[in-house]
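Just one chain follows, in the form predicted alone, and it is written as structure tokens.
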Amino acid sequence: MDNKCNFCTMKSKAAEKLTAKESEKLSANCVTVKFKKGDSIIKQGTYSTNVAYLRTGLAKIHIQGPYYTQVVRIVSQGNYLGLPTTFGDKVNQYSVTAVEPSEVCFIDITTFRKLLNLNSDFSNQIILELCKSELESYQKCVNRTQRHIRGKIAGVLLEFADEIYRSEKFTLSINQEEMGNLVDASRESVSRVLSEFVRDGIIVMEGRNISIVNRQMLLNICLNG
């Protein structure tokens, strides 16, 4: 059997803990699907029979609230998208949409749970990823409620530079309305702050292409904004 998971260069840290036989089992119960920008990967309120792993690309997690859809976070490649459903409710509590062309591995949820029981190293790594995700959610919640708009936008730009693209020159994959939704601000406020950053020599911006030219100032705004 062609064990595609065993030779995958984009496998998760958890999958690296699996034995060859366990990896073969994972491969036999996994399918990779390609998504275009704007395609729905997971829909809120639907029944889940798979664990989704973002193999390549970029996606946004969003939740439909009583008044509007809230963007919760941007997820880069190498992360699972449906872990809470694995351990809790079988109904997806949020939606996931591709914001760049992406590849997602859908793993049969029953197989995934069996591997959790069989391999303690695999289980421990999944728990670590869940804990990391929860702590990040807490931090983002604090940032949203306690930072001013300049600090919030500075934080988003640094997140894209440091965690998503790992470069101080990148193309924003979300528009200003989505960025505003991410930080609880209007599109007009986002546009104004980005223009101020350009005017102050903190960033250079051409369309969605951004270059951070004064990282220290941007970091100061992020920490103190």
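All residue numbers refer to positions in the sequence shown, first residue = 1. Not measured: the values here are computed from a predicted model.
FYI, the form predicted together with a further copy of the same chain isn't displayed, but the following is about it.
S.K.: Considering 39, 184, 162, 196, which brings a non-hydrogen atom within 4.5 Å of a further copy of the same chain in the model of the complex?
M.R.: Comparing distances to a further copy of the same chain in the model of the complex, the residue within 4.5 Å is 184.
S.K.: Taking the partner as it appears in the model of the complex, which of 60-68, 28-36, 196-204, 164-172 has residues with heavy atoms within 4.5 Å of a further copy of the same chain?
M.R.: It is the stretch 60-68.
S.K.: Hey, in the model of the complex, does residue 111 get a heavy atom within 4.5 angstroms of a further copy of the same chain?
M.R.: No, residue 111 is distant from the partner.
S.K.: Is the gap between residue 149 and a further copy of the same chain in the model of the complex 4.5 Å or less for some heavy atom pair?
M.R.: No, no contact at 4.5 Å.
S.K.: Closest heavy atom of residue 79 to a further copy of the same chain in the model of the complex, within 4.5 Å or not?
M.R.: No, residue 79 sits far enough from a further copy of the same chain in the model of the complex that none of its heavy atoms falls within 4.5 Å.
S.K.: Using a 4.5 Å heavy atom cut-off, state whether residue 84 contacts a further copy of the same chain in the model of the complex.
M.R.: The answer is yes: residue 84 has a heavy atom within 4.5 Å of a further copy of the same chain.
S.K.: Do heavy atoms from each of 103, 179 and 209 fall within 4.5 Å of a further copy of the same chain in the model of the complex?
M.R.: Negative, none of the three is within 4.5 Å.
S.K.: Within 95-117, which residues come within 4.5 Å of a further copy of the same chain in the model of the complex, counting heavy atoms only?
M.R.: 116, 117 sit within 4.5 Å of the partner.
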